[in-house]
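First, one chain by itself in structure tokens, the form predicted alone.
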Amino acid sequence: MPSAPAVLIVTLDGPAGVGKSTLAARLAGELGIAFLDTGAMFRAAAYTLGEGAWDWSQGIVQQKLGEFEFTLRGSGKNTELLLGGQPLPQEIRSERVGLWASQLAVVPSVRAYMKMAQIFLGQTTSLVAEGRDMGTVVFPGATHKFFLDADPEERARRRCRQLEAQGKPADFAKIAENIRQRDDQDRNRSIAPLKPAPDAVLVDTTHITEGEVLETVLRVVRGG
């Protein structure tokens, strides 16, 4: 019998607001595979568990997470991350839930559960996974690894433009402060701190367009 085709895993890591989700969705579309938005997994957990869940006992957190089941449907920008078979609410994209997710992400039982859930999704599905520790912790054997970065101020400007395009209020000072706070939490946490994998390709996106970033990444993945 012919062997099963190899699973293709591409990881995109980087700080908040660097454009990982948008790039990952476009890249997955170009490659015809699923897009795993791991940040959405943490945001979904934070939204579902609620504010202050990071202060609960490990036992209660583990019990609640044991009721979760994440699945993927579709590919590229049309990939849907489902929780309990249901699409995630738009509210998980709010700045408030983003800060909750960053605080929840330092809880050992939460990180252990998410790692297990992400590895399970990647065992049988070719995907582009974006997050904070995809290439270092979750998929250390990924086919291709990338680490995206950009100046905090530029990331805040991009977030403002994104919110304005959605018709939502955008306070640059507040967003910039949230990004600095997220950076501090993510880069300095004791468990899986944000950092590039030793074999990751580093891409500074501060002064290049989204299209140029996509071209750079595709060139590497396709061996061009």
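Remember, predicted model here, so these are calculated numbers, not experimental data. One-based numbering along the sequence shown.
Another form exists, predicted together with a small molecule; not displayed. Remarks below refer to it.
- For the small molecule in the predicted bound form, the listed stretch (120-128, 133-141, 72-80, 147-155) containing residues with heavy atoms inside 4.5 Å is 133-141.
- Shown alone here, R189 lies within 4.5 Å of the small molecule in the predicted bound form, counting heavy atoms only.
- In the predicted bound form, G39 approaches the small molecule with a heavy atom inside 4.5 Å.
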